[in-house]
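Just one chain follows, in the form predicted on its own, and it is written as structure tokens.
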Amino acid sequence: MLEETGPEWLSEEVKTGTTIIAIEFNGGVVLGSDSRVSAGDSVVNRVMNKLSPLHDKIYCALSGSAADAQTIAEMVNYQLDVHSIEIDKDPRVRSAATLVRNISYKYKEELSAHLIVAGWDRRDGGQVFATLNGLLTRQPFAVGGSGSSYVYGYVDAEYRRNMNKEECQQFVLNTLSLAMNRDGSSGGVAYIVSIDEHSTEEKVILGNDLPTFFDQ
């Protein structure tokens, strides 16, 4: 007797999509993301902020399953709060990235999420870390999500070392705009967070205000 497995869509993997990016500049970092949350062909949230604070000057950019990524961010946020109280000073960015890496690796069979961790600390300044399945590597910039495959050529061609804060903000905005135009799973508005020693600045750029390119 054949076992009943139910409708085919119950066992299918749900495809998700997004575009996230972070870049270092001399004295800080800039993170950016789109706002669309998709499940297969459906858009389930048009304006989710995928840039989640882990501490005062440390943020992460979320991709993968929204629920899984938010859970990791909340766990790390709590642990960093406790850690900062224990050491009586702000935590290092590398400490936050290590916590994300450890949780992602420990629960790699249960969770589907990739986080880019970026921020500023007094020891090493602005830093960007990529974390994935036990990987922890510092990069001058990092991109992730389904939209990243559409913009690798752009970021490789346009990235320059020692860009200032404003140039990095424009680089992030252009990258997001291109990805959101090409990738059906990315869209909505653009969220940007700029972090340096003196401030943490959050911006929202509406879709109508995003940069346009020749084919748009």
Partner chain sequence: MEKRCMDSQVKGVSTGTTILAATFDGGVVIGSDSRASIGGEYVSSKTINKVVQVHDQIFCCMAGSLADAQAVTKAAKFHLSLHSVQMEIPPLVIAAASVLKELCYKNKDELQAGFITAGWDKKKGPQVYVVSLGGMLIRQPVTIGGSGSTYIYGYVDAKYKPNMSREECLQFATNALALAMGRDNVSGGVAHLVVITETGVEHVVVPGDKLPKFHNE
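Numbering follows the first chain given and starts at 1. None of these values were measured; they are calculated from a predicted model.
If you look for the form predicted in complex with the partner chain, you will not find it shown, but the lines that follow are about it.
The closest non-hydrogen atom of V151 lies within 4.5 Å of the partner chain in the predicted complex.
At a distance threshold of 4.5 angstroms between non-hydrogen atoms, G145 is in contact with the partner chain in the predicted complex.
Among residues of the shown chain, E158 is one whose heavy atoms approach the partner chain to within 4.5 Å in the predicted complex. Taking non-hydrogen atoms only, L178 approaches the partner chain to within 4.5 angstroms in the predicted complex. This chain is displayed without the partner chain, yet in the predicted complex the stretch 132-140 from 117-125, 132-140, 71-79, 93-101 comes within 4.5 Å of it by heavy atoms.
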